[in-house]
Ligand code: AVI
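Okay, here we've got a single chain as structure tokens, the form predicted on its own, with questions on binding and movement later.
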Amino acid sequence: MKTTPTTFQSAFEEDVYKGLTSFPKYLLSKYIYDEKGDKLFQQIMAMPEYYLTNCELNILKKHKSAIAEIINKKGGFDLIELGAGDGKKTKVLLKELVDKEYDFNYLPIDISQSVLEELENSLKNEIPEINVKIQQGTYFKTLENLADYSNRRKVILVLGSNIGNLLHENAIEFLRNIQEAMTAEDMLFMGFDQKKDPQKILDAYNDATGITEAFNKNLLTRINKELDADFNTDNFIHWETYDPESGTAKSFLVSKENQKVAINKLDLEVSFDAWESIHTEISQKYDDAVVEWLAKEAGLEIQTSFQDNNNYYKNYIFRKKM
């Protein structure tokens, strides 16, 4: 087989090639989210161990009136949600905005077209008064066009601690890209999972039922399906670690034996030693000091924050630092 392909037909091909020919090996977590991955993540969000969903839902239910008043303080706006998913939590806020008859449009953005279409259909049934305009794409690509969506004031919504999938350096870049698309009148509403009992965090990403394992292994399943590979997912185990000092949880797929995997569409054969890992995902945890530092580095400042009943999770409102 060739050592390097001459051309890549997609970003997926290029990223898989780069990740599996690197040392140590890695794969980007965004590629877990195809139709199967979306459904598995919805199952993860419903698990009792996965506290994040209920914590943020608690914040939105408990503080929906105060949040709605803050984001509507200066009149009509576009509510732009990055990584909208199934919209379960967002609907709490959307219903409050509709009940108060605030003037707004809802623009959900997600990498998954199927999830967006499901969200659009559910909103037509549940909250038909909302003006919805879906857009499929990655965060960074979409952010390039964020300022062109409308001349109206923007409220940018990022729920689910999605920023936790980024290293601090990349998180600052992500926040700075948002900041550069903001005016002085705009605001950013974003969730950050907080540091807590390390066992609580490990349990959230390593459930006994194996849903998180299937979710991570969907990376290999997708490579098999789309790139004509022959990964045997049973030859890998899911492994989770958490470092309370840095606040970083990491997910790995670990090869149980010496093996070779052919990825035919890339003309690539990948060799694994026994117990060699593929790093698949990080889930960063925060405290106020770290969030304040990230915001400052990105040209943002914290206006206020809301926390759940257990102090496990916080949603912060940021403004552009002038």
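Computed from a predicted model, the values in this text were never measured in an experiment. A residue's number is simply how far along the shown sequence it sits, counting from 1.
What follows is about the form predicted together with N,N-dimethyl-L-histidine, which we do not show.
- Contact check for Tyr26: every heavy atom lies farther than 4.5 Å from N,N-dimethyl-L-histidine in the predicted complex.
- Mapping the unseen interface onto this chain, Phe215 counts among the residues with a heavy atom inside 4.5 Å of N,N-dimethyl-L-histidine in the predicted complex.
- Using a 4.5 Å cutoff between non-hydrogen atoms, Ile44 counts as a contact of N,N-dimethyl-L-histidine in the predicted complex.
- When N,N-dimethyl-L-histidine is considered in the predicted complex, Ser283 lines it closely, a heavy atom lying within 4.5 Å.
- With N,N-dimethyl-L-histidine omitted here, the record of contacts in the predicted complex names 46-54 of 287-295, 46-54, 63-71, 263-271, defined by a heavy atom within 4.5 Å.
- In summary, among the residues Gln179, Thr142, Thr90, Ser161, the only one with a non-hydrogen atom within 4.5 Å of N,N-dimethyl-L-histidine in the predicted complex is Ser161.
- Site annotation in the predicted complex: the residue of Ser246, Asn105, Thr138, Asn165 reaching within 4.5 Å of N,N-dimethyl-L-histidine with a heavy atom is Asn165.
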